[in-house]
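Take a look at this single chain in structure tokens; it is the form predicted on its own.
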């Protein structure tokens, strides 16, 4: 009788041990699957610094890297923006190691606001790599700061926007201080149909301090980061049209006022508003 009981107990122990082992294997598999279906699928390392501006010389911008878009945003930029972009020091300057883009409420060449939009077109353009900037954004209804890339063939016949491609590294609605947006635009996935994702900053606001906004761009994907947190990956399979992110792009940094993305300023919006940029850096493999 004791032998039978011992055999039965031993057999039950083996069954329990087998079940525990199976549960353990199942948990490991679930963890592995979860890790591989997260947004940390592909992380490239771009360590070769090929372009940087630390804005360490007070005064005007480095003319070997930057030029300006000048004009009204009401028709010229296609977004119903309200500002007139200038190259005046009142709107764009460098002080104490920081680029300052200032939006002002003032009558100027038929517009009610002024601001600035700078770019590296024809001065620095690159295909693939890590593009990042450390930025503090403004706050208020109708403020629209952005750090983005535009295809260098946008002015060529047959390659007007969005065929030339656009990568928005960071867009911000001034009325939503905890949220930023990252997007790509191309044929059949532009404007309101862009491939995009938002990131909400936990327990903080983007307008109260500097944050690093970056992408790692490779032939088949674009990874989006905030302070080295990967929050989005867009691949060739994700876009609904032709993948046009395969040629040189240049950098644009601007502070728009109003427009279809943010709406117009209201009575609570305080002017002037500043977009502060500590640095811009670009890496290749």
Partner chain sequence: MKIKKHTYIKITVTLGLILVTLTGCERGLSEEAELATFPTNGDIFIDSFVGGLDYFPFGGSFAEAFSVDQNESFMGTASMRFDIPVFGVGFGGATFPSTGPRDLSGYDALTFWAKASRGADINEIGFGVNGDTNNQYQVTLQNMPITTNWKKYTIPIPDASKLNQEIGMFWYAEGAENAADEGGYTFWIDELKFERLGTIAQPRPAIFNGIDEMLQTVKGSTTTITGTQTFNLGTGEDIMVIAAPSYFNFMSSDESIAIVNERGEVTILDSGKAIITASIDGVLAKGSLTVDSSLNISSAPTPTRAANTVISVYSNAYTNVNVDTFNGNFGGSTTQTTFLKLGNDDLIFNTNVNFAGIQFQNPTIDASSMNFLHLDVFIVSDTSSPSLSFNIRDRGANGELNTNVNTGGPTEDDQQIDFTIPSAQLVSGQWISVDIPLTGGLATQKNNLAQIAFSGNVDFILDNIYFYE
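Residue numbers count along the first chain shown, from 1. Note that the structure is a prediction, hence the values are computed from the model and not measured.
Here the subject shifts to the form predicted in complex with the partner chain, a form of this protein not shown in this document.
A.B. asks: From the list 108, 124, 139, 161, which entry has a heavy atom within 4.5 Å of the partner chain in the predicted bound form?
C.D. replies: Filtering the options by heavy-atom distance leaves 139.
A.B. asks: Using a 4.5 Å cut on heavy atoms, which of 132, 171, 207, 166 is close to the partner chain in the predicted bound form?
C.D. replies: Filtering the options by heavy-atom distance leaves 207.
A.B. asks: Are any of the heavy atoms in residue 71 no more than 4.5 Å from a heavy atom of the partner chain in the predicted bound form?
C.D. replies: Because no heavy atom of residue 71 falls inside 4.5 Å of the partner chain in the predicted bound form, the answer is no.
A.B. asks: In the predicted bound form, is there a heavy atom of the partner chain that lies within 4.5 Å of any heavy atom of residue 178, even though the partner is absent here?
C.D. replies: Answer yes; at least one heavy atom of residue 178 falls within 4.5 Å of the partner chain in the predicted bound form.
A.B. asks: Looking at 144-152, 111-119, 196-204, 87-95, which stretch has residues with any non-hydrogen atom within 4.5 Å of the partner chain in the predicted bound form?
C.D. replies: Answer to the contact question: 196-204.
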